[in-house]
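One chain follows as structure tokens, the form predicted on its own.
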């Protein structure tokens, strides 16, 4: 019997692998993707980067303006993440099985979170462009909507995992809904919620570079401007500044997680 199961699993794995290979070859044919050419181009790209894509003395004079735009991007990411986190907390209370008010609100909260989470931030940025044009508000809302969806889902799971026993204990004493939320749910789940917010700040700083190119704001716009102007030395300085800032934010985030958790 066990031999039959192994044969069945091997046959299923072979069929799935064959389908994936067929889909890959079909996609390469449709997009005219040349596998060999892409790999042979890598050495040329590396040589080009070493010859052109590095900061020189002239590009260093642009560092203050680059740091100003980078700070703008970081603060925009923090603002969109924290405000989305506050709204996500309310929706997660309604969506959680532990703290739900009724099944209708719970389902609506979960569906709303799922809808906002599954639309990429780049798509949100393009949608918001029609309403707000190229400005910081467009980037803010693009990050806000995705962060709200992700955090709502994460907070629902956090509340379901860590608060159940404490909620049951307070319910047994006749505590009200608000007493349960403020004395059991939030104190039990706040370390994990802070950890999720810090994670989304890191993610949004990376995403905001691409969104800035689309919305014409922040460090993404600065990079795009230098790159399209063939000022590769300044563009490389922007990339280095972004990488260093991401490492710094990650270091601070990890330190806060160690202290809080």
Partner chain sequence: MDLSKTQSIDILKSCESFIKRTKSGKIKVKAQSSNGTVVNIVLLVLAALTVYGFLTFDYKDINISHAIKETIYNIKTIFLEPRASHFPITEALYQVVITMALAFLTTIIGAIIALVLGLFAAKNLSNERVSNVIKGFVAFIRAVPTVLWVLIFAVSAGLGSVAAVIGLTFHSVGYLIKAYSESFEEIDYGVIEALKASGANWWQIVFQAVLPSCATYLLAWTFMRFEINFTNAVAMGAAAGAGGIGFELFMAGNFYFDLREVGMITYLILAFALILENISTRIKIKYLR
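Positions refer to the first chain, counted from 1. Here the structure is a predicted model, which is why all the values come from computation and not from measurement. For the two forms, the rigid core is made up of the largest set of C-alpha atoms that agree within 1.5 Å on superposition.
Omitted from view is the form predicted together with the partner chain, to which the following refers.
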- Query: Is the partner chain in the predicted complex near all of 72, 76 and 137, within 4.5 Å of a heavy atom of each?
  - Reply: yes
- Item | Position in contact with the partner chain when the complex is considered in the predicted complex, options 129, 89, 175, 181, heavy atoms within 4.5 Å | 129
- At the 4.5 Å heavy atom threshold, is residue 60 in contact with the partner chain in the predicted complex? no
- Contact flag, residue 54 vs the partner chain in the predicted complex, heavy atom cut 4.5 Å: no
- Item | Partner contact for residue 242 in the predicted complex: the partner chain, 4.5 angstroms, heavy atom | yes
- Item | in the predicted complex, residue 23 touching the partner chain (heavy atom, 4.5 Å) | yes
- Query: Which of the residues spanning 21-39 lie within 4.5 Å of the partner chain in the predicted complex, based on heavy atoms?
  - Reply: 23, 24, 26, 27, 28, 30, 31, 32, 33, 34, 35, 37, 38
- Core-aligned, does residue 240 move its Cα 2 Å or more between the shown form and the other one? no
- Hey, does residue 252 budge by 2 Å or more at the Cα between the shown form and the other one once the core is superposed? no
